[in-house]
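Before any questions on how it binds or moves, here is one chain, the form predicted alone, in structure tokens.
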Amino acid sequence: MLTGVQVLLLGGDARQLEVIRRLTELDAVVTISGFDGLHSPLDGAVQADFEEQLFDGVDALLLPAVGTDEHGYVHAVFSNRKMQLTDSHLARLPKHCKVFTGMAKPYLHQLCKQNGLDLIELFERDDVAIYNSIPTAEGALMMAIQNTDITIHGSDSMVLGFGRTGFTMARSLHGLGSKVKVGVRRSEHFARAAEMGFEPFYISSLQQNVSNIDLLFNTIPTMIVTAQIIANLPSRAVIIDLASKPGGTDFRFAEKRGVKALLAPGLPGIVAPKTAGRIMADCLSQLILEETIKRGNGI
């Protein structure tokens, strides 16, 4: 239980609704700001205007999936009011307070650093990333079905990267009967992909492996699907880039070449916000509980 733990949650989208429900179930004292546009109140949470005194005595500050933009503004789907997080806000937080977000831009990193606050990025954690790879793969499959005139079964597909998302993506395609090539950089990934029944190849030979591909899924957040690669793709191919913005695809050249290329970051929050919210809620509640126990034990 989180009885007595003071949590301040600023902005966000439908995922944060699940986080709020979970924390109130655990008896945390939850104050929220940036939800004034909701049609019905959230039981157990206190709605408040965005003011500096909200930050006094807070044990955990929860921010949206992308904490702030480059100027400190917090994205709030359920409010038209702007919230800009500044040094004067974070200076009022107790030094034991932890700042949680999905992923942070340099602005938030710098703000936490200059105030001596620990910043925890949930999307960097293996457990969260692995769980999130499930709605990501499902959303990518949905996009593939919507943007092709063939079935996944019997298609020739390619997944670039064999990390947490790439692994789940390749396995999902294979389970639907696609012939899956996997582009890897590491020998252990090559071995694992071969053991799982995929056709692995090293990224260095990507250009030689794309000539007969129907679907290409990229998970690598650097420019990898270059003009040279796209020029070798058949015109029927569809590229679905799952890497964080700006992705790893030359979208300008893809359009020029007539190859359909789609950037699709943040799919969990788009296609399955309730599931994505529960993933965040479970992780957050556990982390806050662990920090509360540490403080109680004087660690």
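Start at 1 with the first residue shown and count on from there. Just so it is clear, the model here is predicted, and its values are computed rather than measured.
Just so it is clear, the following notes concern the form predicted in complex with another copy of the chain, a form of the same protein that is not shown.
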Can you pick the one in I120, A194, I145, A227 that has a heavy atom within 4.5 Å of another copy of the chain in the predicted complex? I145
Within 4.5 Å of another copy of the chain in the predicted complex, heavy atoms considered, which of M103, A91, I203, I150? I150
Counting any heavy atom within 4.5 Å as contact, can you tell me which stretch out of 72-80, 217-225, 112-120, 134-142 lines another copy of the chain in the predicted complex? 134-142
Touches another copy of the chain in the predicted complex: A129 (any heavy atom, 4.5 Å): no
4.5 angstroms heavy atom contact with another copy of the chain in the predicted complex for A272: yes
When another copy of the chain is considered in the predicted complex, the residues of 176-210 having a heavy atom within 4.5 Å of it are L176
